[in-house]
Each structure stands twice: as structure tokens, then as C-alpha cells.
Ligand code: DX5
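Encoded as C-alpha cells, the following chain is the form predicted on its own, with no partner shown.
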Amino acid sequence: MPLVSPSIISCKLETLREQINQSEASSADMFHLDVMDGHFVPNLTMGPDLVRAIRMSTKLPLEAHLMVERPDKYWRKFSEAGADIFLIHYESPCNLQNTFKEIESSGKRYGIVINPDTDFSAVERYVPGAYIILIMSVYPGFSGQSFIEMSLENVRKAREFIDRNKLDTKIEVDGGINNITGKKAVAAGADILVSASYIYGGDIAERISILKKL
């Protein structure tokens, strides 16, 4: 049974707390926070203040997906706001190893993220010790994109690497996840499914239940 991480990006701000509460009551396992700076990706989303408001609405783990040019400069602000897990792109122009060490030293957890056109082999050295390897199944920036099938190959490679090395790292898939694509991701080896428009564009409880049964 996969874990489900609803992405807040598709919530309606006017009913944010209500939708978070509905998600939690429907057995969501954590919440996915898409942080975008308008530079690393062509979109602007939430800052620490919104994360702080989300933290006040739930006790579930919050994973901050930092789609920003310098996650090494900003993760602490999101940590102070209440985020628990920091997902940082391999493609980010920063010293990844140092950033991961700083996050771990703070008592928080980290994950490494790869875009659809980055092969899993590029990040193998970062996976041991990481809580999550997040494999993007769309190009980051906007919710509602179509699932990119070739991303499943990275999921399979990650599954084989993690199993062969007996690691505890979770494989998360993000982008275009619904009842059909989610099933493909789980079959390829995913442990966690991130979903935004699929969950919040329909009956929240029903959609989360469907994903958790894949």
C-alpha cells in the first residue's frame, strides 16, 4: 500500500484548513509543499508564512519541495516555519552534500529530486542516507501536467538500487498522478505518491482512498 502525499498547490486558499483537515481525516500520510521562486522554475508559489499556516492546521509531516535556485540559503526559513522534510533538486546550483549534512545536523530529513530528463545514475551517490528519492514525472513548475511515461524507468532503476543496497530510502513520484498513472508508478516500485489536481479536483476522501489501494 503506497503512502499518499497530497500537494497543497491545488488547494483553494479560502478553504485551506478545511481541505487539509479533510485530507488528514481521509488517511493522508503527509503533505507536499511546492515551493517555487520564479527562477528555478517559471512559477511563484508559497513562502514560509503559508507553510507556517499549514503547520498550524495539521500534525502530519510536511515535505517542502524546494524548487528554488538556492535551497541551501532558504531551507532554514522553511524549517523554522514547520517543514519536516526538505526535497532538493539535483539540478539546483548549490553544494548538495553540504546542504544535506546541514539539514541532517538540524534534526530534519532530506530527499534528492531528479527531473524527468536526469538519469537516476546521476544521483546514486546521494541516495544512501536520504529519506526520499523524488522522481519527477512532469517537468516542475505547474500542477495539472500530463504524466511522462519515461520517468518510470528512473523509478525502476531506483527500486533496483535501493533493494540491492538494502537501503531504507523511500521512492516518491510527483507529477500527473491519478488512479491510472499512480498504479503504474507503484508497479515500477514507488512507495509514495504525490497528487495535487487529482485529489483536490474531486472528492478528497475518495481520491486518497483510491491511491492508497493501488
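Treat the numbers as computed from the prediction; the structure is a model and nothing was measured. Numbering starts at 1 and follows the sequence shown.
Here the subject shifts to the form predicted in complex with the named molecule, a form of this protein not shown in this document.
Interface membership of Ala158, defined by any non-hydrogen atom within 4.5 Å of the named molecule in the predicted complex, is ruled out. Of the heavy atoms in Ile9, some are within 4.5 Å of the named molecule in the predicted complex.
Interface residue remark: Ala196 is counted as part of the site for the named molecule in the predicted complex, having a heavy atom within 4.5 Å.
Contact check for Pro140: a heavy atom falls within 4.5 Å of the named molecule in the predicted complex. Only one segment in the set 161-169, 65-73, 183-191, 46-54 has any non-hydrogen atom within 4.5 angstroms of the named molecule in the predicted complex, and it is 65-73. The contact with the named molecule in the predicted complex, taken as any heavy atom within 4.5 Å, belongs to Gly144 out of Pro116, Gly82, Gly144, Gly129. If you take 146-176 and check each residue for a heavy atom within 4.5 Å of the named molecule in the predicted complex, you get Asp174, Gly175, Gly176, in sequence order.
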